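One chain follows as structure tokens, the form predicted alone.
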Amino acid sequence: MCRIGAIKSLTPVSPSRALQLMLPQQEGHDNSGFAMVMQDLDGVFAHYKDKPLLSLACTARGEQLVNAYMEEHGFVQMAQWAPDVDKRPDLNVAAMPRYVFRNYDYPEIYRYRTREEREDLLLDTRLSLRRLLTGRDGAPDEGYVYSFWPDVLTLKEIGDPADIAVYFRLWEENGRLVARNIVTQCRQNTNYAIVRYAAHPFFLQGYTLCANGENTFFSRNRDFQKPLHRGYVGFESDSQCLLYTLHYVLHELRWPLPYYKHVITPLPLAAMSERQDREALVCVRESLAHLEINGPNALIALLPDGRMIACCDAKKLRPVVVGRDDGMAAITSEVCGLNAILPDRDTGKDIYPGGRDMVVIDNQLEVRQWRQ
């Protein structure tokens, strides 16, 4: 079983805090990888929050291809953070030759375009870079591009999570690589091939999601989603469908957040019939039936506006717990993770979401529990 975790802090924190949250849950690790998405960055990225940040792992040739593409399409490099990696030979890390975390300014013709036009540009650029780095056989021969978005950094690597943390010096709290929101998972998706694109968390246009479990409606979700949006690609993991549904419901349909839960775990028809909004709920169920999930799942998602959510499958077959103190809130699979980073919290206020619940943490760390 996978382990998932997330931190939301009023002040910027380093990845070491997310690692402290996750490593007590070692039973769920199989040394297949570590990945994280950081949002609302500070430190070395503090002055470039409005500039799109490219997160890339690649070969030397892959970096040359990316550099040429970005220059040809009018992107101007503003800043770069290059991790000072620890190359000791005994680390269990399948390291890539190059890691690129680089801020760009928009092409000049986009500097006065609408927010929607800029968002489309960033998505199309990431998809183009992904194709550029992928070989003719469909394998990413020259590298992996994880995100290209303002104020978001994504790091994914294969190996032992503790060794990956040493390799990237993530234990160091020097204030350089810090953020107010961190979503992480210390395991690859081992139901499928071990590839970096399959590693949680997944990211699309400001939406981040990781999950613990499996979606037995994967094929049904995937086949319905593929024609919906050009950004719904890859499907290296069944959990990517959960991200794409979140994006579709909130970004494309522009529905209120609670409807995401109604789409992935719709109420039984008998329960709908007793509600004032029954007509709307029936329409949602009938029109988006192929986006329902099945099987054990707990998920954590981070929205573009900074809100963080957690919810489960309707049968509550995977654990998740939410806790907080005065300066930080956290979500994780097991309470031992909360104990590691929030030892002085009021444990009586911990929330264990049920199968019909959604927990939402806002940017002031106010925690709300909503029930279908």
Partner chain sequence: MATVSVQDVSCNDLPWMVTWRQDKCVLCGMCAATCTADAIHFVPSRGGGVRGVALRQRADMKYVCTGCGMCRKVCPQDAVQPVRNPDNRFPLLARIDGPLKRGGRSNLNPSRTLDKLVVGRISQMTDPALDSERHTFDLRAPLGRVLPVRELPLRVEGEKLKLTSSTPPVRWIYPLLFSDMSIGALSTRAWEAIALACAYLNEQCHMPVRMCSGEGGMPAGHSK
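Positions refer to the first chain, counted from 1. Treat the numbers as computed from the prediction; the structure is a model and nothing was measured.
The discussion below concerns the form predicted together with the partner chain, not included here.
- In the model of the complex, every residue of the candidate spot (Y248, C283 and L288) has a heavy atom lying within 4.5 Å of the partner chain.
- The contact with the partner chain in the model of the complex, taken as any heavy atom within 4.5 Å, belongs to P258 out of P107, P258, G175, P83.
- Of the residues L253, L132, A94, M78, just one reaches the partner chain in the model of the complex with a heavy atom at 4.5 Å or closer; this is L253.
- The closest heavy atom approach of D277 to the partner chain in the model of the complex falls within 4.5 Å.
- For the chain shown alone, P227 is not a contact residue for the partner chain in the model of the complex, no non-hydrogen atom being within 4.5 angstroms.
- Although the partner is absent from this view, L65 stays clear of the partner chain in the model of the complex, with no non-hydrogen atom inside 4.5 angstroms.
- Contact annotation: G206 falls outside 4.5 Å of the partner chain in the model of the complex, judged by heavy atom distances.
- Stretch-level contact analysis of 123-131, 175-183, 267-275, 234-242 against the partner chain in the model of the complex, using heavy atoms and a 4.5 Å limit, identifies 267-275.
- Residues from 314-343 that approach the partner chain in the model of the complex with a non-hydrogen atom closer than or equal to 4.5 Å are K315, L317, in the order they occur in the chain.
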